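As a starting point, one isolated chain is supplied in structure tokens, in the form predicted alone.
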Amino acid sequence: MKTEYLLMGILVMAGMTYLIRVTPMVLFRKKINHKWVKSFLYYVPYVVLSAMTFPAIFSSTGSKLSASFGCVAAMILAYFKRSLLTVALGAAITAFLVQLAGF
């Protein structure tokens, strides 16, 4: 890989990151009081995290079925407010057992 190409890529990524962070501050100078907009902005981090996580879940195992079982196990454990470590281990163990069973 050429050094110029690498430096240009870093520069473009830095510029885009800067624009993403500065644009809201430029557009919204006053405090946001609109109920719908505040509600929308409240859920943005959760949606972005889900959009990044779910494709990784279903491509992490050799089987979509074992990944689905692991995902459901994680959702159930999270619903009952278990710790992050418990949720992760429960999902991994469930996916492992489903694959071990031959699915």
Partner chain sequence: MKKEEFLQGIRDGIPICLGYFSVSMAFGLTSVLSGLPIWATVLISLTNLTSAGQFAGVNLLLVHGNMIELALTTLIINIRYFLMSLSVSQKVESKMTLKERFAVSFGITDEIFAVSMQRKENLTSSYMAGLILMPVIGWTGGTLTGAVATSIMPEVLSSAMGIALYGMFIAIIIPPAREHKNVLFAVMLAILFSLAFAYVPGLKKCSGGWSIIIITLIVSAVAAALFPVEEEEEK
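Predicted model, so just to flag it, every value in this text is computed and none were measured. Numbering follows the first chain given and starts at 1. Only the largest set of C-alpha atoms that superpose within 1.5 Å between the two forms is called the rigid core.
What follows is about the form predicted together with its partner chain, which we do not show.
Trainee: Using heavy atoms and a 4.5 Å limit, would one call residue 5 a contact residue for its partner chain in the predicted complex?
Mentor: Heavy-atom contact with its partner chain at 4.5 Å: present for residue 5.
Trainee: Does the distance between the two CA positions of residue 21 reach 2 Å or more between the shown form and the other one, the core being superposed?
Mentor: Shift at residue 21: 2 Å or more after core fit.
Trainee: Classify residue 12 as shifted (yes) or not shifted (no) between the shown form and the other one, where shifted means its C-alpha moves by 2 Å or more with the rigid core superposed.
Mentor: Yes, shifts by 2 Å or more.
Trainee: Just checking, between the shown form and the other one and with the core aligned, does residue 64 shift 2 Å or more at the CA?
Mentor: No, the C-alpha moves less than 2 Å.
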